[in-house]
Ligand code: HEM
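Quick heads-up: it's one chain on its own, the form predicted alone, in structure tokens.
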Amino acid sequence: MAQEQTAQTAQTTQQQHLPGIGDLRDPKIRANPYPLYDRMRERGAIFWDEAAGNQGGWAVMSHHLVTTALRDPRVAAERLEAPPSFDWAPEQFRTAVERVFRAMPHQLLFIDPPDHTRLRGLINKAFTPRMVENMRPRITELTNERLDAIERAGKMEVIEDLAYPLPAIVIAEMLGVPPEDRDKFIQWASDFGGFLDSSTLSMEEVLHAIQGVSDFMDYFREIIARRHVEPRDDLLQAMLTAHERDDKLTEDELLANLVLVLAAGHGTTTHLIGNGMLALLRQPSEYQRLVDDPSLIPGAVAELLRYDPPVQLTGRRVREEIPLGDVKVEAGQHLTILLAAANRDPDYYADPNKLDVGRPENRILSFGQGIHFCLGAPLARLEAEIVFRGLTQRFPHPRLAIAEEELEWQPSVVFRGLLALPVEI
């Protein structure tokens, strides 16, 4: 009898559970979050979720409402606030915690106009379509070097052999950072990701991530000191010049955004290549379409970004009451913008859970919308285009070298990327 009551209680509890953002903490769900998004969508295009933000907030699911929210000037990116006290941090981490929380709110991710306009205008000069297109020969050269090595080895670990090193070298060269240091900033970029998305980390892991971000900033301080003696013509020098001229860029702004450019400049592109390759391995007929018709590749990159984006969600804070769908969002409330769910909105995309490399591009949301649209989007697209062109030309019949259940994913709710992707070529 007691066992029967326990079973009934468990069943009732299960029936009462509503699918939501908190479920993404389950590694099994993170391995494939898209069925969860479908279930969440049944709750509405926007609904209240206790796991959104620090004290609950609105989950925004639909393509229309995500686009609307990201374009509304009343919806603020400014949401990272320094704690009123740092006494909670152990003594050995306190200096790092204070440095990071003083600087990071000045990142492009967390600021609004007019500061956002000023900083983005400065950094964007390195990411204009013309500047990015001028990098095509160098990215092609680097890609071919990686593919040559893979061909000689007769096997490929997509992440380690290609998806990690290529974007890291590209962004390091843009900034003028020594390429031989890339193992360091790959680790620091991972720490930065942990700082941004601490929901799956223990307090000890969060503190170590913050220490990594602080070390990242110290690394740039050393490089900046050398640049005073040996200036160069690159993005870092342009930002340093702006820092020194008319207070256009404070030291915290400079360091925080150098961390952002270097970390975001390769991490999300790594995930784009890895996630995209896995999607094509799972659906070899779509890979074969690219082998047979390389002209599909630019559009295919957009479809891979839609199908399994590197950034799954982002956050916003509402400045003043706004209508959003059928609810009124109050001033100060938090929005969790589910980019990946909106990319598979059945009211916007035909057959959204199907990968179709010939699908016409139709306002994918993987890079955001509005003034915070990812400034590195043209570079990420170009790198992925060159990589997938090289892969499909050289390796027409790749196969996943491990069982699906052996795949491991980054322990993150915000970022989606594989730890490894071994492939038989």
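All residue numbers refer to positions in the sequence shown, first residue = 1. Just so it is clear, the model here is predicted, and its values are computed rather than measured.
What follows is about the form predicted together with protoporphyrin IX containing FE (HEM), which we do not show.
Query raised in the report: Is there any non-hydrogen atom of His372 lying within 4.5 Å of protoporphyrin IX containing FE (HEM) in the model of the complex?
Result: Answer yes; at least one heavy atom of His372 falls within 4.5 Å of protoporphyrin IX containing FE (HEM) in the model of the complex.
Report task. Using a 4.5 Å heavy atom cut-off, state whether Leu109 contacts protoporphyrin IX containing FE (HEM) in the model of the complex. Result -> Yes, Leu109 sits close enough to protoporphyrin IX containing FE (HEM) in the model of the complex that at least one of its heavy atoms falls within 4.5 Å.
Query - Contact of Ala103 with protoporphyrin IX containing FE (HEM) in the model of the complex (heavy atom, 4.5 Å) - result: Heavy-atom contact with protoporphyrin IX containing FE (HEM) at 4.5 Å: absent for Ala103.
Report task. Decide whether Ser366 counts as a contact residue for protoporphyrin IX containing FE (HEM) in the model of the complex under a heavy atom distance cut-off of 4.5 Å. Result -> Yes, Ser366 is a contact residue.
Query raised in the report: Each of Arg79, Arg120 and Ala264 near protoporphyrin IX containing FE (HEM) in the model of the complex, meaning some heavy atom within 4.5 Å?
Result: Verified in the model of the complex; spot residues all in contact, yes.
Query raised in the report: Counting only non-hydrogen atoms, which stretch in 277-285, 203-211, 341-349, 255-263 is within 4.5 Å of protoporphyrin IX containing FE (HEM) in the model of the complex?
Result: One stretch meets the cut-off, namely 255-263.
Query raised in the report: Pick from Ala96, Ile171, Leu196, Leu142: which has a non-hydrogen atom within 4.5 Å of protoporphyrin IX containing FE (HEM) in the model of the complex?
Result: Comparing distances to protoporphyrin IX containing FE (HEM) in the model of the complex, the residue within 4.5 Å is Ile171.
Report task. With protoporphyrin IX containing FE (HEM) left out of view, choose which of Ala59, Ile386, Val357, Leu379 has a non-hydrogen atom within 4.5 angstroms of it in the model of the complex. Result -> The option sitting close enough to the partner is Leu379.
Query raised in the report: Can you name the residues of 311-336 that have a non-hydrogen atom within 4.5 angstroms of protoporphyrin IX containing FE (HEM) in the model of the complex?
Result: Read in sequence order, the residues that approach protoporphyrin IX containing FE (HEM) (within 4.5 Å, in the model of the complex) are Val311, Thr314, Arg316.
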